[in-house]
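Before any questions on binding or motion, here is one chain by itself as structure tokens, the form predicted alone.
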């Protein structure tokens, strides 16, 4: 009899967590041992429940799933993480893998494939949604610097340059330079457009 794989589910939507738990419960070798609705609860819950694999949504309160994957990697190196998300953006895939996630699949993955992804990740393998892997290669790496990402994240709110500058503790001139560079790298013509494109590609 193979060892049961202990799974933690992290998703801020209780319905989604319930559906995933019900699907995984049908597999004889998988057991859902914890469920959380916030990214900043993952490490504590995984440690307490002795989870083997954490299934992480990306958009959660507290910290997002990518930051949660990094936190698990740092605090619980023996625990694997698998990002399961609605947002199949190539930039997210790249960032998740950089954060130490062992896999990245979208939520409409058939239940049998999802269960197999959990097994493969637990075995130390990497699992990536094939269409996203292709898109990620086509789109290339995130061209934005950390500062440009920071400035664009604030620019999503739509405030004037002075407000953005105060928020990121830079001079308005420096913020304009970062915005101009980001607009060039995203092939857009306004900062609002640049922020939107960067967000859609998972670069923020």
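On a predicted model such as this, the values are computed, not experimentally measured, just so you know. Numbering follows the first chain given and starts at 1.
Not pictured, yet referred to below: the form predicted in complex with a further copy of the same chain.
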{"query": "Listed residue (130, 78, 110, 124) with a non-hydrogen atom within 4.5 angstroms of a further copy of the same chain in the predicted complex", "finding": "110"}
{"query": "Partner contact for residue 26 in the predicted complex: a further copy of the same chain, 4.5 angstroms, heavy atom", "finding": "yes"}
{"query": "Residue 187, heavy atom within 4.5 angstroms of a further copy of the same chain in the predicted complex", "finding": "no"}
{"query": "Proximity of residue 166 to a further copy of the same chain in the predicted complex, heavy atoms at 4.5 Å", "finding": "no"}
{"query": "Contact label in the predicted complex: residue 158 to a further copy of the same chain, heavy atom within 4.5 Å", "finding": "yes"}
{"query": "Contacts with a further copy of the same chain in the predicted complex, stretch 18 to 52 (heavy atom within 4.5 Å)", "finding": "18, 19, 20, 22, 23, 26"}
